[in-house]
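Only one chain is included here, represented as structure tokens and corresponding to the form predicted alone.
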């Protein structure tokens, strides 16, 4: 959220978000205690809370969390390195932009997670297949936004910098990057989100460990309260990661 917004608006926005979450919890509680929806479909939120406390206290999540975060961090790092490098290289040529931008857009429209069985056949059920899939899916929004960001820099700015004797390195750091940064950061945020979702999602389909794998195992054993506790735990982890990304993005914008 923009830090220059009036304090009253920020407080009101947080209040609406809090009331929305409280409303969901209230509906959940009523559904299980008043409407008597089967606990197989929807466990009591109090039971889920107790299971969540037990999961945190026991520390049983540590191994799965480490695997999931390692897979995600590796996938996102690869996606950023390749996406920014390839995107910047393509953005330097109008011809390459016309060739590759629609091509990448068309590929990005394909649900790449459908190729998970192929990734598993190549890299197995372990982390490498999840890393490869996350990096592939995260690559496309990053490369597309990098192409768009650097390719849309006003030519007047680059011409003025060249006329003043700016070197290639000075041109990149003082002209191109500041102008393209907002669009590139938007691509990084999209890549961050889809890479994380693809890693966790692929763990629920074909994996030997990880938070997604743990959730599926609990569902298969009909431990619904504990399964929901792990879902809440994953949502909390994703929220924390998004807050951290937002802070890094805000810092980068102000530099």
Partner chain sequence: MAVTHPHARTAIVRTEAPLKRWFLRHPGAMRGLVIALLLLIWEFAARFLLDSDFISPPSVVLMSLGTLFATPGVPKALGLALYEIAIGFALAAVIGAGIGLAVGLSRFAHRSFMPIILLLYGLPQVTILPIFVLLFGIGAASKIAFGVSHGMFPIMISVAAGVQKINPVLRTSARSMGASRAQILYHVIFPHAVPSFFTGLRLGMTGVLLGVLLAELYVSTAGIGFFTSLFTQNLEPTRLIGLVAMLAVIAVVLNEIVRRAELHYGRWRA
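Positions refer to the first chain, counted from 1. All of these numbers come straight from a predicted model, not from anything done at the bench. Under this definition, the rigid core comprises the largest set of C-alpha atoms superposing within 1.5 Å between the forms.
There is another form of this protein, the form predicted together with its partner chain, and it is not shown here; the text below is about that form.
Stretch-level contact analysis of 201-209, 62-70, 47-55, 183-191 against its partner chain in the predicted bound form, using heavy atoms and a 4.5 Å limit, identifies 201-209. The putative spot formed by 162, 170 and 252 is not touched by its partner chain in the predicted bound form; no residue has a non-hydrogen atom within 4.5 angstroms of it.
Taking non-hydrogen atoms only, residue 80 never approaches its partner chain to within 4.5 angstroms in the predicted bound form.
Among heavy atoms of residue 225, none comes within 4.5 Å of its partner chain in the predicted bound form. At the 4.5 Å threshold, heavy atoms of residue 98 reach its partner chain in the predicted bound form. For the chain shown alone, residue 31 is not a contact residue for its partner chain in the predicted bound form, no non-hydrogen atom being within 4.5 angstroms. Of the residues in 87-123, those that come within 4.5 Å of its partner chain in the predicted bound form through at least one heavy atom are, in sequence order, 95, 98, 99, 100, 102, 103, 109, 110, 111, 113, 114, 115, 117, 118, 120, 121, 122.
Superposition of the core reveals a Cα shift of less than 2 Å for residue 219 between this form and the one not shown. Annotation: Cα of residue 37 displaced by at least 2 Å between this form and the one not shown, core superposition.
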